[in-house]
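Given as structure tokens, the chain that follows is alone and in the form predicted alone.
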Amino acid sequence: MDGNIVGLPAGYRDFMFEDAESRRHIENEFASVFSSAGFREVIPSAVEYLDLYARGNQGIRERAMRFLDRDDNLLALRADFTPAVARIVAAHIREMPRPIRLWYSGPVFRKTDRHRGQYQEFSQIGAELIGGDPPAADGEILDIALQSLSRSGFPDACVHVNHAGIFRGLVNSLGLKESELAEVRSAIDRKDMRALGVRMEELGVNGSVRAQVNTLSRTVGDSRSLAAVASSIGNEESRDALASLESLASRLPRWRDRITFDLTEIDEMEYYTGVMFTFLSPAHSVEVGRGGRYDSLMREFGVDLPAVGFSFSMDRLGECE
């Protein structure tokens, strides 16, 4: 502490006056949209069993801030809202009429690289729709997200949309080891087409499949680009996923100019089971939120219900306002 009793530990900060007012304004606008759409607020506990984060995104568990209680149970400060919301549904409201519409707002805590100026406490606001039919629910949750951004002062905010099943269908036909698949995914994520082509050839990937992967790894555009891709894809899972995206586009005509179908966005393919969203503020060239379909997570809590949702970083939204 160096005797500084009025300071804060590294990785934490206070919000004063205008900054605090800006964050409250954003939260109020989001809450207004959520409430109007029939979403109800939940406030999960700030402390969970660490094992909660063993379900879903494994990276979250590794970054959770953990401690022991008096009975030597391994606990963690809240590191992510989505598993906590899934727990609440399983424990308290699984019998509610469906779909179940929930929203939340509050701080999360994760271990980060403080030497790079990263904060260990940050705030999220988001919504989850549980138990709704996937095509309609995906459209509803994306509509709510874009409405919330517009209402809270981000009329230029846009979203990049992909579907985990598109690339997963191709992956299943590659016959590669997990380490080799990781190299292919990394090349796509870096948009390094030359490295992607060379590595797939070295791995002996069939020429037809290489051509399909190359097509997907270059596809960024509006809904018309999906139809062009579909004609070149040879496996059923990928074609079905592309059809799901086309259906999603048809449900959101009002947001046509704000939606980009980016089939190169595969960063969290292992976590999401269907559509994946990345929300961006073009004016600030920054990502402000993520979301998607995560049906398998609910099953890990003993509730076999489809689920889709999103969360935004209040810190980034506040910085962009």
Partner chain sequence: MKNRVLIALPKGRLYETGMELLGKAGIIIPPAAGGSRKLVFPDEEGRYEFVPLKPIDIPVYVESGTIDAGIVGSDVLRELEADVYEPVDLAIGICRMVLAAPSGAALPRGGSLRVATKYPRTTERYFRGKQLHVHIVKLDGSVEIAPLLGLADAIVDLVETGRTLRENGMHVVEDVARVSAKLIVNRTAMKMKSGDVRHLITQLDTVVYENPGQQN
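Please read all numbers here as calculations on a predicted model, not as lab measurements. Residue numbers count along the first chain shown, from 1.
The next section is about a form of this same protein that is not shown, the form predicted together with the partner chain.
> Taking the partner as it appears in the model of the complex, which of 66-74, 22-30, 273-281, 250-258 has residues with heavy atoms within 4.5 Å of the partner chain?
Heavy-atom contact with the partner occurs in 273-281.
> Report yes if any heavy atom of Ile43 sits within 4.5 Å of a heavy atom of the partner chain in the model of the complex; otherwise report no.
Contact with the partner chain, no.
> Arg87 versus the partner chain, in the model of the complex: is there a non-hydrogen atom within 4.5 Å?
No, Arg87 sits far enough from the partner chain in the model of the complex that none of its heavy atoms falls within 4.5 Å.
> Under a 4.5 Å heavy atom criterion, is Asp262 part of the interface with the partner chain in the model of the complex?
Although the partner chain is absent here, Asp262 would touch it in the model of the complex, with heavy atoms inside 4.5 Å.
> Contact between Val286 and the partner chain in the model of the complex at 4.5 Å, heavy atoms?
Close contact exists here: in the model of the complex, Val286 approaches the partner chain to within 4.5 Å, heavy atoms only.
> Report the residue, out of His92, Arg190, Arg98, Lys111, that has at least one non-hydrogen atom within 4.5 angstroms of the partner chain in the model of the complex.
Only one option qualifies, and that one is Arg190.
> Of the residues Asn206, Gln118, Asn172, Ser232, which one places a heavy atom within 4.5 Å of the partner chain in the model of the complex?
It is Gln118 that has a heavy atom within 4.5 Å of the partner.
> Listed by sequence position, which residues of 160-182 have a non-hydrogen atom within 4.5 angstroms of the partner chain in the model of the complex?
Going through 160-182 in order - heavy atoms within 4.5 Å of the partner chain in the model of the complex - there is one hit, His160.
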